[in-house]
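Below you'll find only one chain, the form predicted alone, shown as structure tokens.
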Amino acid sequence: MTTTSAPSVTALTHWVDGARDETPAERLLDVHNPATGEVVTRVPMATVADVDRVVAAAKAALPGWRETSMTKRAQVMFAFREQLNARKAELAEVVTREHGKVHEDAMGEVTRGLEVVEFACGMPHLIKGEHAEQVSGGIDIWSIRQPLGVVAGITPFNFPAMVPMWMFPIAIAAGNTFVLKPSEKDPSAANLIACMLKDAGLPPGVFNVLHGDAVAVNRLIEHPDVAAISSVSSTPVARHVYETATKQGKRVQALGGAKNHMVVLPDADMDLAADAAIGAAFGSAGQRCMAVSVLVAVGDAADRLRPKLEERMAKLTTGPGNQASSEMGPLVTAEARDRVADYVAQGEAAGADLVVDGRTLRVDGHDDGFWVGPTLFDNVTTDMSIYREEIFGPVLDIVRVDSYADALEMVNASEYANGVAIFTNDGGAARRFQHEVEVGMIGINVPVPVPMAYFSFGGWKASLFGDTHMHGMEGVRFFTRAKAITGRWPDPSHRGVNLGFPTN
């Protein structure tokens, strides 16, 4: 769309070769403050020519950066870590202004991204190969890991700071150059990160920011000079990225959607479970790929849990993310608000018990904000759209089942398999669940089981396309490729032609 914003609104630019890109944009898109509905900036929508220009800058920077010593690359990461730690509140404010999440939540997002930066600071150790001496007469074998080249990250609106930092610190520390295509809904965090990297001493062209929509995405995933794509998006988009990019011979990790379950057994601490469910379902207005959206209550758990949920929901404060009293902010766009409201209407029409209706929420002084309050359904069934589809909003469904076996079957039947949690005081049941459930990330009395940076993040089934998860050692392996070298130094005793295969 072409913007109709007031001229006083400052527009973002792409970030190329370590500086703002002054090439005039053909299209600009308005970026809103979700709490007020006001336009806060405008973002350029890249053309194919823009993509080619940005990728060319990354390609030109590659030889120098790849040949930079691992020690110096790590020093840049350490310096970026200091920049990020010193300016985390500034970055969190940018996230809150364009995404809407409350400031405390935005600070948590930056902190979790910082953990991956700290992990990447250890790249000289993480990237070490292996060596075996005397594998045959006078012959040694060793392995090394090398960067892929120009790599790209396509990241979502819900974590505009953290998800990029799941990708580029590892990729850059390993010797790649990087093109980031952030969400057009909240793009400013990417540019601020680029400034921090420049201040940390990163050479021009190593990290670039390309703003845009499907035009930019499709050109990146088909561009011959892009060696790998790391992506987080909805499942349809993830499938498109994976199928299209792999046909071009690229390495791809594409994380998709989710429908995360929280199983509550009758022996669970119901107060603990209620607190956890409220935080996991309504934090960031449910706009998390690890949010709990289905509470699977076993036996009589629902009867004891539901009143506790209603009590806690009644006390939640929904408001602008920059107000200290706010616990939950708005949806990211008007379209997101309308989509969530439509799902609530579908659930009501399908016969689910609408216990708390967030569509009635009004926030004083912010009538133009994109609000849907915490919403609770009970007696939801698996054929309803509110159960089957990813709503990505503050809507929690209670599904009642008779037994642990029924709960396990329900979770395993879902097409999504990103995260799942079980709440119980029975260690045997928890151990059995972690063994039997077909989901990538599991929480035991932990509602949002996002692994630390030195482990890897990723789901199964339609929640992940590709063979590797993000960050941790799987991230290191994704952004590097192995070479195995077999060597022997000249020795007169081994001279002479031998056509046989080595036997010793």
Ligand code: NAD
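Numbering starts at 1 and follows the sequence shown. Predicted, not measured: the structure shown is a model, and the values here were computed from it.
Although not depicted, the form predicted together with the named molecule is the subject of the following passage.
Between the options Pro320, Gly393, Gly358, Pro182, the residue in contact with the named molecule in the model of the complex by a heavy atom within 4.5 angstroms is Pro182.
Put simply, of Val76, Met384, Ala227, Val237 only one has a heavy atom within 4.5 Å of the named molecule in the model of the complex, and it is Val237. Under a 4.5 angstroms non-hydrogen atom cutoff, the named molecule in the model of the complex has Leu255 among its neighbouring residues.
A residue is said to contact a partner when one of its heavy atoms sits within 4.5 Å of a partner heavy atom; Thr41 fails this definition for the named molecule in the model of the complex, lying far away. Though the partner is left out of this view, Ala214 does reach within 4.5 Å of the named molecule in the model of the complex, counting heavy atoms only. Although the partner is absent here, Asn33 lies well away from the named molecule in the model of the complex, with no heavy atom inside 4.5 Å. Remark: all three candidate residues (Thr155, Asn158 and Trp166) come within 4.5 Å of the named molecule in the model of the complex, counting heavy atoms only. Only one of 227 to 235, 428 to 436, 346 to 354, 376 to 384 lies within 4.5 Å of the named molecule in the model of the complex by heavy atoms, and it is 227 to 235. In the model of the complex, just one residue of 269 to 305 lies within 4.5 Å of the named molecule by at least one heavy atom: Cys289.
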